[in-house]
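The data below hold one chain only, encoded as C-alpha cells and taken in the form predicted alone.
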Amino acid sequence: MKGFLQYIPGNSILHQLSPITKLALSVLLCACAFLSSSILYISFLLLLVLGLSAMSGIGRSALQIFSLLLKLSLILFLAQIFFIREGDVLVRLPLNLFITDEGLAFAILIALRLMLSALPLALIITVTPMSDLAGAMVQKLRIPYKYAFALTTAIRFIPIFSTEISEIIEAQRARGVNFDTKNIFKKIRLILPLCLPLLVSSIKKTEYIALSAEMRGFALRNRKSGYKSYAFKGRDLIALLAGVFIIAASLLINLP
C-alpha cells in the first residue's frame, strides 16, 4: 500500500485550513460516530468525508484507507451479528445461530461507527505536514514539544513501516515464497517471521532520529522556537461552525 498515510501536497481548502482546525474537525466527526445512532446519518457523513477527500485531491488515499477499514468493519460486523439475539429472527443458520433484525441493525451501526471514527483522523494526516501539526500543537495548544514530537514521529513511521514491509514481502516473493494464498492462517504464519527484520530496522531508525534530534538542540525547543505562525482565519471559523452544525444535527436526530 504505497503512499499509505503519507502527506499529499495540494492547494485545496482542506490543505489551507489551520492544523488545529483540521484536528478539531476530525475529532468532531469522530464524536458524531458515537453521538448518533442513525445508520443513514452516519452513512451520509462517511460519503461527505469521501467527497471532501476527492475534492481535495486525496481520493485515492481515502479509498485505500476506506478499503482497509471496510475489511476490519466486516470482521466486527460478523462478530456482532451473531451475538445479538433480541428482535425478530430473519435468518436461521446451523449450530443454533440466527440473525435478528435488531442484531443486523446494530452490527451495521457498529461497522459504520468504526469507519467514521477512524477515517477523518487518518485523512487529516494526508493533508497536514507533520511538522506543521507538531508546531501548531505546541504554539496553540501549549503542548510540550517533546510530546508533540513523539506523536508526530510515531505517525511518520506508519508509511515508512508500510513501505518496508512491502519491500520485504517482495524480496521473499522473489525467493519463491507464496504470499498470495487465500488461507488467512497460512498468510499470518508467513508474515510473522518478517516482523523481526522490521523491528531491527525500526530500532536503528530510532537511534538515528534520537542522535539527530540531540544534535539539533531538541532539549532546548519550546513554544517560541518555531518560525511559523498558525493564524486563525475566516475559513477556519466557517469550518468549525460546520463541525458544530454536524454535531448539533447528530444530537437532534436522536431526539424522540
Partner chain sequence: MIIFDNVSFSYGKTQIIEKISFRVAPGEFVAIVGPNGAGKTTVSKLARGLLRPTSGTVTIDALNTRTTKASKIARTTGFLFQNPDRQICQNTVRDEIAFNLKIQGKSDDETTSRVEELISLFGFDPNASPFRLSRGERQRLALASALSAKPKILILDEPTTGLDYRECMKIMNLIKSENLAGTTVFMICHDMEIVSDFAERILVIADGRLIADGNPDTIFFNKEICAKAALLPPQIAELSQRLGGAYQGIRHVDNLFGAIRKNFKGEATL
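None of the values given here were measured: they were computed from a predicted structure. Positions refer to the first chain, counted from 1. Rigid core: the largest C-alpha set superposing within 1.5 Å between the two forms.
Keep in mind that the form predicted in complex with its partner chain is missing from the display, and what follows is about it.
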| query | finding |
| --- | --- |
| Of L121, L97, L76, A171, the one that lies within 4.5 Å of its partner chain in the predicted complex (heavy atoms) | A171 |
| Residue (of V200, L40, A231, I188) lying close to its partner chain in the predicted complex, criterion heavy atoms within 4.5 Å | V200 |
| Among 65-73, 48-56, 23-31, 192-200, the region lying within 4.5 Å of its partner chain in the predicted complex by heavy atom distance | 192-200 |
| Touches its partner chain in the predicted complex: R92 (any heavy atom, 4.5 Å) | no |
| Contact test in the predicted complex: D88 vs its partner chain, heavy atoms, 4.5 Å | no |
| Exercise: L141 in contact with its partner chain in the predicted complex, heavy atom 4.5 Å | no |
| Proximity of N183 to its partner chain in the predicted complex, heavy atoms at 4.5 Å | no |
| Core fit, then R92 C-alpha moves 2 Å or more between this form and the one not shown | no |
| Threshold 2 Å Cα movement between this form and the one not shown at A154, rigid core reference | no |
| Flag for A171, CA shift 2 Å or larger between this form and the one not shown after aligning core | yes |
